[in-house]
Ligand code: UGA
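Okay, so here's just one chain, in structure tokens, the form predicted on its own.
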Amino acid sequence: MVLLKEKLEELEYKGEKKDIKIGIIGAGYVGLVTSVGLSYKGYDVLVFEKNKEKLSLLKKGISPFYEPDLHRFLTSALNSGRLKFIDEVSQIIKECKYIYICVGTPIKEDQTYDMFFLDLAAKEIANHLPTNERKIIIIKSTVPPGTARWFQKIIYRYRRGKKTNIEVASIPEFLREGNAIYDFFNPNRIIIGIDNKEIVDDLRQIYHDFPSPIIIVSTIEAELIKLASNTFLATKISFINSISDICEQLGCDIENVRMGIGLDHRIGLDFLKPGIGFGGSCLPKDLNAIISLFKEKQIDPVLFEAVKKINNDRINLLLNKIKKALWNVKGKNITIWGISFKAGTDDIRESPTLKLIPMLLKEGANLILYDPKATNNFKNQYPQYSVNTSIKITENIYESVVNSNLIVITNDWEDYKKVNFSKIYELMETPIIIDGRNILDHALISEHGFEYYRIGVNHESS
């Protein structure tokens, strides 16, 4: 991040400004990070956000979600005058040649993408398009293959025969929550999906100074690359979780096995870490979407169904570990460190903790919940738990363990490693830890006197 920071400061200091105005529809996670990043690259960026409360926060330089470094970058971008948030989408369509679509595409009950917001964006663009000016529309939202072509067709429909000069491209994002700012400026690759080669130079112009290869493909190929990439990552996680299960039965240490596998450069260690399953807004959604796509095309998604089953089963395995460690769960005080689905974010979507909570309540446990960033999101989205007498939500990690019988670690914040474990030991009634992410130093924790259980290790040998 030091090199990144120096690079950005140098860019600002030189006052490098590009004579291109970019519009972004949607200031969610992808839209906001993209808008901040493009403004740092020297572009004037207009961002449309229809949510009035969110729009008010953004104009003040306040991000509606937590992402490391985002607040600092957002404030600086606003102060530079290159980034503006507006409530009239027509201004973007009239003033900007390049229009990024960054609206939500949630998964419906039938496990397909909900295209409602994309359709609204197409209608708005069609209603406000100037007759003669060429517009290049870039879809950043995660979508099923074929969406860019449909988007262009829908705009023509809404135009009802009026003269229209648009091109639609697909440039998927590969931002990791918790590392999004770094990822924006240091992508492994930039995928540009186009069906009209005449706009190659237009799009290369935007991305020419990024330190990564640019791959030109069709729009359908770009859309599939995004889905396939996330599905592969999900597969890698479920693979190592399955290996961790056999390690426990054989008396092996998953960490040794993981290193032996992952140091092969063909495989790599990234996403090869055992735990209690993946969550968040991307991997589960895209895994379900590719399963639906395969079924639609009458191809058996047997591999991806297995990946999904393995992931869904992880929470039951964790519950069994809790039962085995405590012998009796009813009436016990169980501390959960972790509400967000991973470290570096306050995003609780598809978090394994959300599945674990009702299971433990059904067993009669009392729960104390702690997370460095996600407690407010949890309270807002699940108000019923705030008034549940069996649940306490705290923002103090030491308070979370007072008279506790067990700590369950469900995400991988570095904060957990920095606590005074001697103090934690004294505050607990029975000092037991189940580390669902294998983030603690097991030898050090055991020296403090804890019963310590890891994933992928036989309990007798941990």
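Computed from a predicted model, the values in this text were never measured in an experiment. When you see a residue number, it is the position in the sequence shown, counting from 1.
There is also a form predicted in complex with the named molecule; it is not shown, and the following applies to it.
Undergrad: Residues in which of 97-105, 282-290, 203-211, 127-135 have heavy atoms within 4.5 Å of the named molecule in the model of the complex?
TA: Going by heavy atoms within 4.5 Å, the stretch is 282-290.
Undergrad: Which of 368, 121, 237, 318 has a heavy atom within 4.5 Å of the named molecule in the model of the complex?
TA: Answer to the contact question: 237.
Undergrad: Note which of 176, 159, 308, 379 lies within 4.5 Å of the named molecule in the model of the complex, where distance is taken over heavy atoms; exactly one does.
TA: Comparing distances to the named molecule in the model of the complex, the residue within 4.5 Å is 176.
Undergrad: Can you tell me whether residue 271 touches the named molecule? I mean in the model of the complex, with a 4.5 angstroms heavy atom cut-off.
TA: The answer is yes: residue 271 has a heavy atom within 4.5 Å of the named molecule.
Undergrad: Please tell me whether any heavy atom belonging to residue 337 falls inside 4.5 Å of a heavy atom of the named molecule, as the geometry stands in the model of the complex.
TA: No, residue 337 is distant from the partner.
Undergrad: Please determine whether residue 354 contacts the named molecule in the model of the complex, using a 4.5 Å cut-off between heavy atoms.
TA: No, no contact at 4.5 Å.
Undergrad: Taking heavy atoms only, is residue 437 within 4.5 angstroms of the named molecule in the model of the complex?
TA: Result yes; residue 437 sits at the interface with the named molecule in the model of the complex.
Undergrad: Quick one: 233, 277 and 341 and the named molecule in the model of the complex, is every residue within 4.5 Å by at least one heavy atom?
TA: All of them do, each having a heavy atom within 4.5 Å of the partner.
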